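Listed next as structure tokens: two forms of one protein chain, kept apart as structure 1 and structure 2.
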Structure 1
């Protein structure tokens, strides 16, 4: 009994620095932010309690509604294009025998680059005078004659494309890792039955990697909520709020308008969304879904 107690004390002793840091870096600021939702505070001076007024203003805020809609588009985009391309890339890569590590590195390399570097590369490529337009103009294609980042119709998807270009290599790596765990005997049985490559993928590969696939859906749905850096660097939410997303609007309210209480209300709604998504996946696991 004494040995068990001493082990528990030792465990808490080694955990205490991490718990201390977690509390003061994550837990305490999160609780404070939730409390500030109900205040009118500019970051300085006296804090004034105003109840649910910030939330009432949010639901009548045109820019906030637009940011919510853009976050939804962002999520749908990342749940389709990067996942489809990554699944295809990973499946093709499993059949490559030579230089596979090199190909993996090439796919993953954009993900390890700093977001500022990625954004500067694509800002240059989208530039109408120095970028892709100089190449396509000779072919008679005028799609890039104006920067896609400066047009209201294309700014959000252009930023999403740049972010997806950096992100899809990460998906390739986790998918190909899952694919290498598939039992080879299943492929052999499918080959004996005369299955095509597509049938092997549909009936063998995909069901076997389904837990990893569902996990990727979960992390994309969560990561799409605080999407910020690529929007902030490439467009700042413009032009005319055409690429505004929730995290960027929160930053604008907190650090430019100095409306900390209003920004905290935006953050609280983002937290509620993430909580609902993770709770839903947790419920599905309790219902014995294979995720």
Structure 2
């Protein structure tokens, strides 16, 4: 009996240091934040409980609504373009033997570069005086005449493109790992039936990698909400809020305006969204939806 108890103490002895740090840095401030979102605290003065007023204000905040909309566009963009290109890349990669490791190395490469470095690269390439424009202008293509980052119509997608350029190699790697686990005999059977490449992909590859595909959708939906680095570094949310997203707006409200309560309300809404998405996927999995 005593032995069991000492074993219990010992296992907590090993667990608790890292859990304590984690709780102190992440869980405790998160709980604080969930409480502060019902107050009008500015970080210094008195804390006053104001109920749902922050949320009411948020729902009539023009910039907040814009940011929500932009996060939605961002998510849809990431769910389509990088996933499609990565599926293509991974599928084609499984068809080649030579240089395969080299290609994989190259595709994954931007993922290990810092966001600051990637942003520098593309800020330069979008620069009308130096970047892509100097090349395309000679060909009579005026698409890059002004930096895509400084125009209201294109800024959001230009930032999204740079982030996706850095991120899609990650998708290639997880898809190709799944594709190599597909039963080879299925392909042979498809070959005998005379299936085309597309049919092989549609009826053999894709159903087999579906769990990984669903996983990639889940992480994109979760990671798209707190997207911050690329927006902050490339455009700062501008011009005229045309690339403003929730994380950047929260950072602005928190550290420029010192609106602690208001910023916490945005954070709380982001958390609720992520919580619902994760819960939904967990539920679907529990219900054996074969995802």
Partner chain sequence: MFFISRLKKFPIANHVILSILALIIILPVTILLFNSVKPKAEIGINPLGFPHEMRFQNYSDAFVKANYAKVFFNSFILVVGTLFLCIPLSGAAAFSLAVMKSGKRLTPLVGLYLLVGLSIPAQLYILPLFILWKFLHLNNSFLGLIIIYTALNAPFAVFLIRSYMLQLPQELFEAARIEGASNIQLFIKIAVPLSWPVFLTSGLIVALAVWNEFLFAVTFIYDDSIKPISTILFAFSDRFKNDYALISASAVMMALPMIILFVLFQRNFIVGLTSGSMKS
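Here the rigid core means the biggest group of C-alpha atoms that line up within 1.5 Å when the two forms are laid on top of each other. Numbering follows the first chain given and starts at 1. Because the structure is a prediction, the values reported are computed rather than measured.
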**Request:** Compare the two displayed forms of this chain and pick out the form predicted on its own.
**Result:** 1
**Request:** Verify the C-alpha shift of residue 278 between structures 1 and 2: is it 2 Å or more after superposing the core?
**Result:** no
**Request:** Report, in Å with one decimal, the C-alpha displacement of residue 10 between structures 1 and 2 after core superposition.
**Result:** 3.0
